[in-house]
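Okay, here we've got a single chain as structure tokens, the form predicted alone, with questions on binding and movement later.
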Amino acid sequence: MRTTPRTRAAPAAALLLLFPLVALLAPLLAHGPSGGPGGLRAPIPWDPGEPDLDARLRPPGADHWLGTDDLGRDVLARLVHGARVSTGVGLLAAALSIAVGALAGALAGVAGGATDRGVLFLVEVVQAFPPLVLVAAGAAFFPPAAATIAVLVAATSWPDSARLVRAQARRLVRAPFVDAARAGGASATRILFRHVLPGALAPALATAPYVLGAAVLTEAGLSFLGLGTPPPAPSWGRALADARESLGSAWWCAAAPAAALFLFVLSARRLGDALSGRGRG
């Protein structure tokens, strides 16, 4: 049975949208039935950064649905609050990547000549290096922050958008309606932003899920190495790093953030494949 892009995209989009929803509802989700530490009955949320040495490495149970880590912090609380970091980094990186790539590609396609060659040279330079190496090198020179990671990821992922928009812009710049606008006295800036860029943007938007997944995975990798979001802010990558010492005796500390990363990246790539027409069948 053949499926349409819409039917292929719907399950991945629904799963992907679940993560921002969890991030928004983190304070409501991050508490157990007992209502909080210390035996209190009031339903107050768990603090994802507050240690409780009396509750170290507790397995999943009624009080802590996903258990606690080596400092007694609730794993569920750190998981849902970590979704805020991951989705924030991913969305900001995707938006910046598409904005920069689309503008550079449209400018190259419309202007041509030296501008086109200059943009293509920058694209080749950026793509000549492994993205993770560039991001890690940049992160070493800036204070660790989620916004810094998003900007660095965008700085290494815009070439794909630029190439797609440039190819589309080169076709649109010779279209009759662009010739008519040029004959009517439209400036080069108006032709770029009013007539070419809106029509050339669609292919770049299809790369957004890939950038989103790559940004989340990169942030997790940098946090795992100690170059990402600084503690005590919760992060899936930092949770995996903290779980290394107790992996043999407290598997739940690593299982939850690893599963969240897997599902996020998988749904992002599946959505990207559906939007770009890959994996048809």
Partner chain sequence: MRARSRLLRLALPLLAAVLAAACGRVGKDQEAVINRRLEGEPRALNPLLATSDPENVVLALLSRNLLDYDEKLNLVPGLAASVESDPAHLVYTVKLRPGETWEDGSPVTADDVAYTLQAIVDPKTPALYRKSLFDAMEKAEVVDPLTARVTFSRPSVGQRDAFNLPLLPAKLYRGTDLTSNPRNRRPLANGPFRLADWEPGRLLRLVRNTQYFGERPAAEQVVFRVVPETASAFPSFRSGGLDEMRLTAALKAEVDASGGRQRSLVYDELAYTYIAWNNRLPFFDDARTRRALTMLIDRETIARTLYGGLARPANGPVPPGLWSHDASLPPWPYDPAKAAALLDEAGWRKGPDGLRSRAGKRFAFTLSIGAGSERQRQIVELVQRAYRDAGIEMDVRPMEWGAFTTAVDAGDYEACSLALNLDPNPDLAPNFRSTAVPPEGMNHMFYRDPKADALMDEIATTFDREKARALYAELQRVIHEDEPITFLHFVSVSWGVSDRIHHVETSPLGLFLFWPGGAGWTSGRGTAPL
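Residue numbers count along the first chain shown, from 1. Values in this document were obtained by computation on a predicted structure and should not be read as measured data. Take the two forms, find the largest set of C-alpha atoms that superpose within 1.5 Å, and that set is the rigid core.
The discussion below concerns the form predicted together with the partner chain, not included here.
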F19, P27 and G88 all contacting the partner chain in the predicted bound form, non-hydrogen atom within 4.5 Å: no
Would A62 count as touching the partner chain in the predicted bound form under a 4.5 Å heavy atom rule? no
Looking at the partner-bound form in the predicted bound form, is H81 within 4.5 Å of the partner chain by any heavy atom? no
Tell me, yes or no, whether L66 is in contact with the partner chain in the predicted bound form, where a contact means a heavy atom of each within 4.5 Å. no
Is there a non-hydrogen atom of F224 within 4.5 angstroms of a non-hydrogen atom of the partner chain in the predicted bound form? yes
Those residues of 58 to 76 which, in the predicted bound form, come within 4.5 Å of the partner chain by heavy atom: D70, L71, R73
Rigid core superposition, G72 Cα moves 2 angstroms or more between the shown form and the other one: yes
For A250, state whether the C-alpha moves by 2 Å or more between the shown form and the other one after rigid core superposition. yes
Pin down for me whether the L91-L132 Cα distance shrinks or grows in the predicted bound form relative to this form (closer or farther, change of 3 Å or more). farther
Direction of Cα pair change A214-L132 in the predicted bound form, magnitude 3 angstroms or more: farther
